[in-house]
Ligand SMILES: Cc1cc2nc3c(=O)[nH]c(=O)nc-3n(C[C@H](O)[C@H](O)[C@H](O)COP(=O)(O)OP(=O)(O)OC[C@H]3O[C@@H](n4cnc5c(N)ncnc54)[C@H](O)[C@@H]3O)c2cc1C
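The chain below stands alone and is given as structure tokens, in the form predicted on its own.
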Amino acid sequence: MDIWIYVNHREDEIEETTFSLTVEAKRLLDELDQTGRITGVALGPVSESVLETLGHYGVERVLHVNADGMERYQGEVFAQALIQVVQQENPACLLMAQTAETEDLAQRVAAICATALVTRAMDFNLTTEGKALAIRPVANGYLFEDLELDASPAPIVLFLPAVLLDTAPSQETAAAVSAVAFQTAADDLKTRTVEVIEAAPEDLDLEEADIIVAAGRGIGKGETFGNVQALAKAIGGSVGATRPIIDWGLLEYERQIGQTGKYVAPRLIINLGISGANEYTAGMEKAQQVIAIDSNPRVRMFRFADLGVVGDVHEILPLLISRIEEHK
């Protein structure tokens, strides 16, 4: 029994959701009463010493594939590399944390390997009868569906980041890192990278943003929303929102945070006029630092805030932006 987890990494650091996947992998082995191992698979440039730290979380070995053309994510190349190792070793399943990148990658691999793919998974189990069981939300999160799948070939499961549990190192053993040879078939590619254009912070996908300024119903439909965007620009952040802002047409749907929008994990999120309903907080509870500004001291959002400011956001924002510009 070999449970695989996909290693999400950026700038030579492993993202927290990868460590959380080890919890799911251990649970699967315990439920099946199997003496198996957890294997990490990493694609693209990341140092061996960083990958070895996965051993502290129970990962026994890491398969690392890195070759020309893998400096940045390229769907065709990464899919070819992952398909190669999956077909060579045939794991019991492959677990991923759902992001824009893994959504694209998993669909490519599942289609070519002709295997089951579960997206937005909230729970996943394997049975001794060769079946796989999964639960995922439907109808904008108001309903849930149970799925039963064939467990062979190895199913690919994308977990919603919000349902993954935080974990801490439990041992000092380093994972054994194995470099896997891979040759990019450049002539067979249907796409190629011509130029990489870095997005401005305010235009970044919310899932990639380090800083997010999020607006809620308390902002209203007036000119104050311009101040929300001005604050994001002043601190190099990206703008997000709750569903009312999206419904009012102030932002596109891709900017919605929550169960029916994006799940984000920035270093800092500033919540403006947001009450903190569960549908919203489920999408941002992985943020490292949380600031909330609201005129009502009893709003639920303050329960999640490292810093809570009670006051009128319409008065505070212009002063805050002015002070930031002065310090710049």
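These figures come from a predicted structure and were not determined experimentally. In case it trips you up, residue 1 is the first one in the sequence shown, and so on.
There is another form of this protein, the form predicted together with the ligand, and it is not shown here; the text below is about that form.
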Identify, from the list 47, 289, 53, 295, the residue with a heavy atom within 4.5 Å of the ligand in the predicted complex.
295
Pick from 108, 217, 136, 233: which has a non-hydrogen atom within 4.5 Å of the ligand in the predicted complex?
217
Report yes if any heavy atom of residue 314 sits within 4.5 Å of a heavy atom of the ligand in the predicted complex; otherwise report no.
yes
Using a 4.5 Å heavy atom cut-off, state whether residue 59 contacts the ligand in the predicted complex.
no
May I ask you to state whether residue 257 is within 4.5 Å of the ligand in the predicted complex, using heavy atom distances?
yes
Would residue 238 count as a contact of the ligand in the predicted complex, using a 4.5 angstroms cut-off between non-hydrogen atoms?
no
If contact means a heavy atom within 4.5 Å, which one of 243-251, 200-208, 154-162, 74-82 is the stretch that engages the ligand in the predicted complex?
243-251
Restricting to 251-284, the residues within 4.5 Å of the ligand in the predicted complex through any heavy atom are 256, 257, 258, 259, 260, 261, 273, 274, 275, 276, 277, 279, 280
